[in-house]
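Single chain ahead, by itself, as structure tokens, in the form predicted on its own.
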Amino acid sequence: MLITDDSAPFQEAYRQLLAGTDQPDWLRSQRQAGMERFTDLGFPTRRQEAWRFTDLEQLTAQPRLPSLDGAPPLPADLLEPWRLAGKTHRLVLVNGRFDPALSAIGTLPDGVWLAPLAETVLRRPDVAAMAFGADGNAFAFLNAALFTDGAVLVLAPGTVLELPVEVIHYSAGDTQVSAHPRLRVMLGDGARATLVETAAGDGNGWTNAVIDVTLGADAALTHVHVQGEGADAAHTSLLTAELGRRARYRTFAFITGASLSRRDMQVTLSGPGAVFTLHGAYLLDGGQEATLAVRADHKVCDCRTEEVVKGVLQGAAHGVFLGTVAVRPGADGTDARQLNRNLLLSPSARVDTKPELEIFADDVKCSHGATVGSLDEAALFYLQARGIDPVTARSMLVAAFAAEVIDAAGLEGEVEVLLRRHLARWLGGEGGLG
């Protein structure tokens, strides 16, 4: 096997990670397959169409390798800004490892399995094996080789989980290490749940996550992703989801953190009547770069996709939205809409946006659109003419622009409160942009 310059340090980390550990043969095989595929592919480059807008120099200049040491102990109040208020089933990973002191999984109803991935490997190997798929990008294969832990959520058919599930990835410490958490979600026919997946922390490492979702017939999952990691951190994640007949997958992506961030989403609508809705916002400052790359693959008839993503950028920030809706032959009755709107608050901020359609069926309704603009000067003048100072007026308009996508998502209760709290935090809380 040829070892590329990209993969050589990770090959050594892989050998150290497995040295002396007792793991089942099937897991070692999965790890080895992941390492081999990453070695073959190496880091993505701008020569690849899907990555031509993403600058990975931060990751390639100096390898960020997984730590072999345990996660440092953290005070519980560090998580307070990132937690949902009220009761939840909470699972916390610090630098990629489960932290029982910060977690509070609580009592689970019948038909629910929620546990760290490492525990699932030991107690439910049949379930754990389903956390590893054959598809993915180079980073997903690296995750399969180097993961130390993650989370598994499984609901039996017909099970309704009343309390939301929180999975918090916290990056701690000032060393440039990487963590590779893995999250597997499986909802049986008619099951329902809410999942809030948060990446936060004060470290300058690299979080490289994989999330795999499977929804059975008539299942419904609300999935909120909050990414607010440290200013010098890097974050990459790949989400794959497969939707069965009349399944409903509603997700919200809220991105404010890390200097380099990319979330890839590959959603396959495999059952007639499946519905996928994405609402999201990337709020960026300074030299931050964030990419949201979404592919919705309509394989069968009468499915629906709706995507509404907004960006607010200031300083020299760079935002990227890549949205593809594919409609396969025979997927008649498809209804798909994409909209990406961006607000640039400084001359040096920039956006690359590319919504597109691949249609191979006749009886469909599909649309896409993108806008890039600045604040409405007439609206600013209107507010200032009524005695509102320029800074507050500007903040009010930005808040209204970003809050609109939260309103459109139709989220309720503490989940909506959490997103509005993060929006206010980014804006500065009291009228100024952070």
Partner chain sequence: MVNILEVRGLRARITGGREVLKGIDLTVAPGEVHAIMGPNGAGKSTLSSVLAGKPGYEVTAGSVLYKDVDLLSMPPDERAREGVFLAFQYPVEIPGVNNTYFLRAALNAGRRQRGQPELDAQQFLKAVKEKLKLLDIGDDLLRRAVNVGFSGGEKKRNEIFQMAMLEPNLALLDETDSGLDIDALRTVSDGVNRLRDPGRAIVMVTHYQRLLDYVVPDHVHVLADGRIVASGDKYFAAELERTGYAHLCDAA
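What you see is a predicted model; the values in this text were computed from it and never measured. Positions refer to the first chain, counted from 1.
Not pictured, yet referred to below: the form predicted in complex with its partner chain.
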{"query": "In the model of the complex, segment of 391 to 399, 66 to 74, 363 to 371, 28 to 36 with a heavy atom within 4.5 Å of its partner chain", "finding": "391 to 399"}
{"query": "Residue (of A379, A50, A408, L41) lying close to its partner chain in the model of the complex, criterion heavy atoms within 4.5 Å", "finding": "A379"}
{"query": "Touches its partner chain in the model of the complex: A385 (any heavy atom, 4.5 Å)", "finding": "yes"}
{"query": "4.5 angstroms heavy atom contact with its partner chain in the model of the complex for E404", "finding": "yes"}
